[in-house]
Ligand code: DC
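As a starting point, one isolated chain is supplied in structure tokens, in the form predicted alone.
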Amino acid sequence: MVIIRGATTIASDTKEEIQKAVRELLEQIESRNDLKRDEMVSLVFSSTSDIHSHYPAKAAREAGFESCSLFSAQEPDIEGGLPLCIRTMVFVEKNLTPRHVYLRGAKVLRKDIAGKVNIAIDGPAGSGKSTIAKRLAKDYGILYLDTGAMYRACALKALREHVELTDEAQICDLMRSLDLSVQYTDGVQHTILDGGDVSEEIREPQVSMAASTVSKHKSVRLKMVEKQREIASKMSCVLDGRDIGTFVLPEADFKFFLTASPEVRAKRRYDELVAKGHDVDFEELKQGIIARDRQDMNREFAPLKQADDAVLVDTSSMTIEEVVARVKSLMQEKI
């Protein structure tokens, strides 16, 4: 049996507000934990004493969560407590790492997701940083900014225009006319280059290598970093890359450096590309990763490096769920 916790607040003590808030909270818990209704064994609610208009348990039944037992209770008054708050515990028959959900004003109950927070995740190619960054963003309900996609788009533009990747002047000129934007649809980032969605094309191996070369140019990196900092200054977000904690967001609230052996990273990338239908050679892929590591670590401007205050996490023998749990635990320890 696993317990998933959640909480939300309501704007006013009305039946309609309670129904809306309970439905939103349970649907978020259901979605983020990939649950089916019949996997929910019991829903236990508690509400602050200033809520009288409607029972949260009844609102849950009205929202279609009626295949499990439901219970509501009123919390005792606590001086300085959060007003107009509804909490829940969802008991499920499923082996999973619970993703707790705190919405609206109830986010202050979780210090790791309250207010604006920036999370920086660095590491070499194939270390799992993008996967973990996306999971953290989803679990905490904050923005995931795929910084690597921005550089890959720059590289794709250079390849399309047959520009010499190592020529600073040519690349700088190319950046002046770069039409690059990022769109978010249903929580997924789409990279738009010259009016077209290139989210899949920028993942091609040749684009990856080109991105490492293009990103060495100071003019390119400064332009991209300016955009990234602007976004991070306005909202909570998770960024992953190679110099997020050392250069892009040196004041990030949480910093992690993920790594894994070259063999493990090559196998991950190999499986990913094969699943997408690409014909790739494992040994060639591994040597490419080693070469890219060397290139990233030795570039003159903002090289791949673990920030002094970043926590090192070796993901070689860890599952995605284990890495996510480890990172969350480390964040909570810091608070």
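Note that residue numbering follows the sequence shown and begins at 1. Quick caveat, the model's predicted, so the values are computed rather than measured.
Here the subject shifts to the form predicted in complex with the ligand, a form of this protein not shown in this document.
Non-hydrogen atoms within 4.5 angstroms of the ligand in the model of the complex: do 151, 269 and 296 all have one? Verified in the model of the complex; spot residues all in contact, yes.
Heavy atoms within 4.5 Å of the ligand in the model of the complex: which of the stretches 132 to 140, 234 to 242, 193 to 201, 84 to 92 has them? In the other structure, the partner sits against 234 to 242.
Find out whether any non-hydrogen atom of residue 211 is located within 4.5 angstroms of the ligand in the model of the complex, and reply yes or no. Result yes; residue 211 sits at the interface with the ligand in the model of the complex.
Though only this chain appears here, would residue 221 touch the ligand in the model of the complex if you measure heavy atom gaps against 4.5 Å? The answer is yes: residue 221 has a heavy atom within 4.5 Å of the ligand.
Closest heavy atom of residue 54 to the ligand in the model of the complex, within 4.5 Å or not? Residue 54: no contact with the ligand in the model of the complex.
Distance check, residue 259 to the ligand in the model of the complex, heavy atom within 4.5 Å: The answer is no: residue 259 has no heavy atom within 4.5 Å of the ligand.
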